[in-house]
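Presented below, as structure tokens, is a lone chain in the form predicted alone.
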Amino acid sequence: METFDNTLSTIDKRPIGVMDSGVGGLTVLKQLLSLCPDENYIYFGDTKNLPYGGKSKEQLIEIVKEIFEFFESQKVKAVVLACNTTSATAYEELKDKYPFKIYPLIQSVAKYMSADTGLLKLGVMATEATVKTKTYTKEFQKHNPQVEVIEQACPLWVPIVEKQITDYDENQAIYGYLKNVLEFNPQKIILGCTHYPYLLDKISKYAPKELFINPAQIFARYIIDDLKQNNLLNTSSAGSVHYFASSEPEHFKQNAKMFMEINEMPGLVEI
């Protein structure tokens, strides 16, 4: 398995780890590659433990610990939790226990979006585990107590994407979750799981597409700005991406094409 030099002379060339339960986090990686193609990235899709949404906080903390240990062995300079569920459940527990910067999706996006003081009513579509923690509500209200947030669990959405299910009742599986949120009359609805943007064409049948926010774009800008401020950007022009899946790498590779134009995945390894 390839490892990366951690000496002072190559500190800015150390890779950035990006993790998710499957292919959804590729929405974040895609934005990072667009903003900063010179970085070295390691993407970890935890397909063995997919989906995360129905797991307990304790289970998720143990899962993330194992992935962080893998990233530590690869001597990364930062890890991107490209996953709302782990940002909500594992980040606070693990944020100070590793020698790399950790970027949690929810907390970063809430901080970035809260600069827009006109946003006072927000909807969030997310996994059951994310909604249970109310992390989106807590994080937005931390920056502005006047913000109202409604969070809606959508347990069918990740399986629909990852398993490429097509024979489902759209009124129940899509509108059934959206109905309560739309009745709240939010100014914006955050797609609070990195898999959900894949369903945007289906979702936008019931509300204008511009109502929905794909937080991957906001998140990537936040990460790159922070890396720049901390002098951690790679100044070379030899960026790379290595992919890892915890099971079924060929299935991962096939599903990845839903989010990125990928013909080859050099180095795709099952671990």
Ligand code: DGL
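Here the structure is a predicted model, which is why all the values come from computation and not from measurement. So that there is no doubt, residue numbering starts at 1 and follows the sequence shown.
The same protein also exists as the form predicted in complex with the named molecule; that form is not shown, yet it is the one meant from here on.
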{"query": "Region of this chain that lies against the named molecule in the predicted complex, out of 227-235, 49-57, 240-248, 211-219 [heavy atom, 4.5 Å]", "finding": "49-57"}
{"query": "Contact test in the predicted complex: Val124 vs the named molecule, heavy atoms, 4.5 Å", "finding": "no"}
{"query": "4.5 angstroms heavy atom contact with the named molecule in the predicted complex for Val80", "finding": "no"}
{"query": "Partner contact for Ala110 in the predicted complex: the named molecule, 4.5 angstroms, heavy atom", "finding": "no"}
{"query": "Contact flag, Val158 vs the named molecule in the predicted complex, heavy atom cut 4.5 Å", "finding": "yes"}
{"query": "Residues of stretch 15-37 in contact with the named molecule in the predicted complex (4.5 Å, non-hydrogen atom)", "finding": "Asp20, Ser21"}
